[in-house]
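Before any questions on binding or motion, here is one chain by itself as structure tokens, the form predicted on its own.
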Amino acid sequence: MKFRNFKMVSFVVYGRGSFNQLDEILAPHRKGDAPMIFLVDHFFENGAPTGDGKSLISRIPLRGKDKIIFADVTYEPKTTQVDKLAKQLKDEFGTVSGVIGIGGGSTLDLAKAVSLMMNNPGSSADYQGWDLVKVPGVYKAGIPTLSGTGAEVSRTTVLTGPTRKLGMNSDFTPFDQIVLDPELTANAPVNQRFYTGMDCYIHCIESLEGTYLNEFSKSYGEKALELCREVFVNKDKWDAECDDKLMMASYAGGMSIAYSQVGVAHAVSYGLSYLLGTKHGIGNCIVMNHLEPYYPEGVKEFKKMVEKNNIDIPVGICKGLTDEQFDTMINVSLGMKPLWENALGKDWEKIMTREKLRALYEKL
């Protein structure tokens, strides 16, 4: 048996106010006058404050030719968006000292991908798959302002390409540095915070009930699940402690799936995202609402959390789609083979037929 030898994030700093150390953290990685590029979620473009009341933008430690680029993450990152950003930076600067992603999972994924494409030829679509990236990117750091996706620790960057939605999965993809400052998540919109937190809860359920489960994944997954329950089940009012716990749930949840896999909810939501542009967190919630046959206890608890937190899960999003559109989603979803195998075992193709998957999509 061959064991996976996976790459983890090299450096981690955690704590309220740790964002203030960013200048000091980046200093050793500056190369001459090559700038640091701060790729920031467009949510912060109009001066949205962080936990200390100051705007996030005002706290970014700009030096020399450093540049802030606001990332439009209305939709999840596309390979065309990655290629355009990388070209823009190459044309303007030649090279850069690093790419710093500040935002939710989509912004972090975008930062990882742009870093890689600064040093790898062709299009990012050429690297959608496993271990296709052969050259390290420029230095990259990730600073989450939402908690739940695990993008800060994963070895993938999920992109929608010309023909599929698939990550650039490689040992060169993880961040070199992450800064985990719960203060930065304090002003997240309530619905968005829930959907992203549920991404963590759902991928823990999928990991802990999957055929790939091992003690490494189990130890992280169980802790992440415990933290999610403390926040979304036990707490009656959102407070700073919730931000602290959910940030660590995201980290632990991401570590859990690093050595296992996600499952049915993620595999099905990839199809929604590819065809309809459904954001990842909300897509997982829409699908999880209908997965009693696969995760009965998890779905029961999920619905309890939805009710307790007064969240509306969209329904009817697949209504009126054509046969061709259903086929597109089915093809994207069934292409996620490791996810289906983790969820249903090696004979998954006999269990999840195209007809059964079509029926599931029709319920959404």
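Please read all numbers here as calculations on a predicted model, not as lab measurements. Numbers for residues come from their place in the sequence shown, where the first is 1.
The following text describes the form predicted in complex with ligand NAD, which does not appear among the structures shown.
Remark: of stretches 103-111, 123-131, 229-237, 289-297, the one touching ligand NAD in the model of the complex is 103-111 (heavy atom within 4.5 Å). In summary, among the residues 224, 184, 267, 116, the only one with a non-hydrogen atom within 4.5 Å of ligand NAD in the model of the complex is 184. When ligand NAD is considered in the model of the complex, only one residue from 204, 272, 82, 146 comes within 4.5 Å through any heavy atom, namely 146. In the model of the complex, ligand NAD sits within 4.5 Å of a heavy atom belonging to residue 280. Ligand NAD in the model of the complex is approached by residue 76, whose closest heavy atom lies within 4.5 angstroms of it. Although the partner is absent here, residue 189 is a contact residue: one of its heavy atoms lies within 4.5 angstroms of ligand NAD in the model of the complex.
In the model of the complex, none of the heavy atoms of residue 141 sits within 4.5 Å of a heavy atom of ligand NAD. Contacts with ligand NAD in the model of the complex, taken as any heavy atom within 4.5 Å, map within 16-50 to 41, 42, 43, 44.
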